[in-house]
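The data below hold one chain only, encoded as structure tokens and taken in the form predicted on its own.
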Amino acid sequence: MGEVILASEECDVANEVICAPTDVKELFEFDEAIFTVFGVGVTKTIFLMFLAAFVVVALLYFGLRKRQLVPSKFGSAIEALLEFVRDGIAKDVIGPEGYKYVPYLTAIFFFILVGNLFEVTPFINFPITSRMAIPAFLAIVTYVIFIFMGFAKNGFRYLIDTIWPMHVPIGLRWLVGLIELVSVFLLRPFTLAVRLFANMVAGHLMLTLLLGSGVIFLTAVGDIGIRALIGIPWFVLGVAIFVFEVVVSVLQAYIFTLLSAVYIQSSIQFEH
């Protein structure tokens, strides 16, 4: 709850119904270095990004290092997630060729999932995917993969057939081709990144305002008396949003991974 209280500590509980920070950027931007490595300052965002990567490696290592006839509950959970990405996303969406993309799809699914769940992790309370640079980087990696594979599998015909789709009536071919060109080569990485970013920003902001307001009002009961009860519905609603954000975190990791697989499939089998 550290981030929540920090965001609202300036609140005038006698006059404000919801305690909102003067600048919401302070909920997402951490410019001060928490420590330095070889003279390079490491901010909270950078630290959490590496922590998310370390958690993913640890989950996979400890979940898969001992294959047993009857695996532990933890091992079973990790294997179930891996099978879900391998069979439910890579194989079902891309087809038999999907197996070669399983490492990448698994990596982004687990990384985004852990990064999203940092939002509801005590003493962290900050989803790293609410910083646009991280979803944008992951979207660009997906973009490079599906564009590269599109040209590698289909040659220059990948671009020609996108601009001039033969299955469309000739009168509409130029319009559909223009829409496809903009969609495939410009909009896909942008929308892929913004979808994840916007959802995590909205959730983080709602949790901060609702839980922060609830805590501040309830702890100020000695100063504002009965009006402190305003904090109860805010806090209860914040807890409900907290539970909902767990679902959103998992769902957004799935959607990003699924769309990455869909874009790859549409590039290597674009004639379909």
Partner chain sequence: MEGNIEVLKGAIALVGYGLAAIGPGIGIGIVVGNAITAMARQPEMAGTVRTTMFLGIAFTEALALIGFVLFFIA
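What you see is a predicted model, and the numbers here were worked out from it, not measured in a lab. Positions refer to the first chain, counted from 1.
There is also a form predicted together with its partner chain; it is not shown, and the following applies to it.
Listed residue (148, 99, 190, 174) with a non-hydrogen atom within 4.5 angstroms of its partner chain in the predicted complex = Among 148, 99, 190, 174, a heavy atom within 4.5 Å of its partner chain in the predicted complex occurs only for 190.
Could you spot which one of 184, 94, 81, 201 gets a heavy atom to within 4.5 Å of its partner chain in the predicted complex?
-> Residue within 4.5 Å of the partner: 201.
Heavy atom distance at most 4.5 Å to its partner chain in the predicted complex, all of 59, 118 and 124 | Zero of three within 4.5 Å in the predicted complex.
Report yes if any heavy atom of residue 250 sits within 4.5 Å of a heavy atom of its partner chain in the predicted complex; otherwise report no.
-> Taking the distances in the predicted complex, the answer for residue 250 is no, it never comes within 4.5 Å of its partner chain.
Evaluate residue 197 for contact with its partner chain in the predicted complex, applying a 4.5 angstroms cut-off between non-hydrogen atoms, and reply yes or no.
-> Yes, residue 197 sits close enough to its partner chain in the predicted complex that at least one of its heavy atoms falls within 4.5 Å.
Is residue 33 one of the residues lying within 4.5 Å of its partner chain in the predicted complex, judged by heavy atom distances?
-> No, residue 33 sits far enough from its partner chain in the predicted complex that none of its heavy atoms falls within 4.5 Å.
Looking at the partner-bound form in the predicted complex, is residue 53 within 4.5 Å of its partner chain by any heavy atom?
-> No - in the predicted complex, heavy atoms of residue 53 and its partner chain never come within 4.5 Å of each other.
Using a 4.5 Å cut-off on heavy atoms, which residues of 235-263 contact its partner chain in the predicted complex?
-> Read in sequence order, the residues that approach its partner chain (within 4.5 Å, in the predicted complex) are 251, 252, 254, 255, 258, 259, 262, 263.
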